[in-house]
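Take a look at this single chain, the form predicted on its own, given in structure tokens.
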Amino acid sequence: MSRRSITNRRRWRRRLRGPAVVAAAGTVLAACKLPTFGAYTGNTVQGNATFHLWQGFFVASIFVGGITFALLIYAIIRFRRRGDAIPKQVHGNTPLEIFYTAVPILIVAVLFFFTVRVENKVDAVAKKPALRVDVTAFQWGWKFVYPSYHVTEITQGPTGYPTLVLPVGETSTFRLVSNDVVHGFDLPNFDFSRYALPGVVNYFDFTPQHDASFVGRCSHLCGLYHADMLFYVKVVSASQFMTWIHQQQGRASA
């Protein structure tokens, strides 16, 4: 190896040392806590599983994208044109071709495995839930029925949004239907959205993890007043939930 090539190699090493240190420091200073990458953390056991799957996909994309761009930049610099001489021609490299065929297949297989596992967790319905809620979507509102307690919350006009109250730490099974057209039962803070379809009954579970209040909405354009299809979601303790149930029963019987 000539002295010139050794000097150039050392020069490139010095140039790459700084970015490498910055990247390593950023990783270490992150304290092993992955960022949310713009997603909600999911305030349910089911939503939290979806959130962690999203983190895994994002990290995998960073890893694959980083390696791809690093190799691309290396090839651009290392094999840039230096003269009119034709560079050495190489045709085929069996071990390398096997490697870059097998690795993508392996990555897709791993992502597929974790996706199926999370989907099964999100779609699982408890045999004996602590609470049952029947949700009916209609133009342009929502009706939440608690059949065990004979309590109903329903949209009251354009701004009378109903409140879906849930006990924290308890698993609630939902039965979702639509009375007319296609609606979208969307709860961003739960990392959950499902269509309410005419003639189709959807079942799913929520197990809220923390006390919280937020807004849910219809995510599918369903007509003129689609934007008014909002509702509130309130996650409370078990005792607060029972207090709310008794208040609703008292109002209904008054």
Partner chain sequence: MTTLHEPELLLGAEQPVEQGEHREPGGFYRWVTSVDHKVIGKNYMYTALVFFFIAGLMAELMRTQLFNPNGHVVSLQTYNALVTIHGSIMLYLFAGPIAFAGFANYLVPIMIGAPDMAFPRLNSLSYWFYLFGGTTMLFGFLTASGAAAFGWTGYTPLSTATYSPGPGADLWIASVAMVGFSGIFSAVNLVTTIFYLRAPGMTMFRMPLFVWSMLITGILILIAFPVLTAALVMLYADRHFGAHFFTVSGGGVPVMWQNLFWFFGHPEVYILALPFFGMISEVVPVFSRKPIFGYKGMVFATLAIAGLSTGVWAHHMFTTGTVLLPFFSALSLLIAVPTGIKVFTWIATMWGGQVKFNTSMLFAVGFIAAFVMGGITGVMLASPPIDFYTHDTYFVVAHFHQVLIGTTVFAMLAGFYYWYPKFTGRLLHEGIGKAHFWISFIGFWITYMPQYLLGLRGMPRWVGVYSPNFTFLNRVSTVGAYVLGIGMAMLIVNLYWSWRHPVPAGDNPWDGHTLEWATSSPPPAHNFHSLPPVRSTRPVWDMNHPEHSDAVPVVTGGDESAE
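Residue numbers count along the first chain shown, from 1. None of these values were measured; they are calculated from a predicted model. The term rigid core refers to the most C-alpha atoms you can superpose between the two forms while keeping them within 1.5 Å.
Not pictured, yet referred to below: the form predicted together with the partner chain.
- Query: For the chain shown here without its partner, which stretch in 83-91, 127-135, 148-156, 167-175 has non-hydrogen atoms within 4.5 angstroms of the partner chain in the predicted bound form?
  - Reply: Among the listed stretches, the partner-contacting one is 83-91.
- Task: Report yes if all three of 115, 180 and 220 come within 4.5 Å of the partner chain in the predicted bound form by some heavy atom, otherwise no.
- Result: Answer is yes for this spot.
- Given that the partner is absent here, does residue 209 sit within 4.5 Å of the partner chain in the predicted bound form, heavy atoms only? It does not: once the partner chain is placed as it appears in the predicted bound form, residue 209 has no heavy atom within 4.5 Å of it.
- Is there a heavy atom of residue 213 no more than 4.5 Å from a heavy atom of the partner chain in the predicted bound form? Outside the cut-off, so no.
- Residue contact check: residue 205 to the partner chain in the predicted bound form, 4.5 Å heavy atom: No, residue 205 is distant from the partner.
- Please run the contact check for residue 199 against the partner chain in the predicted bound form: heavy atoms, 4.5 angstroms, yes or no? The answer is yes: residue 199 has a heavy atom within 4.5 Å of the partner chain.
- What are the residues of 185-201, in order along the chain, with a heavy atom within 4.5 Å of the partner chain in the predicted bound form? The stretch touches the partner through 186, 188, 191, 192, 193, 194, 195, 197, 198, 199, 200.
- Superposing on the rigid core, do we see a C-alpha displacement of 2 Å or more at residue 65 between this form and the one not shown? Result for residue 65: yes, a 2 Å-plus shift.
- Message: Once both forms sit on the same rigid core, is the C-alpha displacement of residue 92 at or above 2 Å between this form and the one not shown?
- Response: Comparing forms between this form and the one not shown, the residue 92 CA shifts at least 2 Å.
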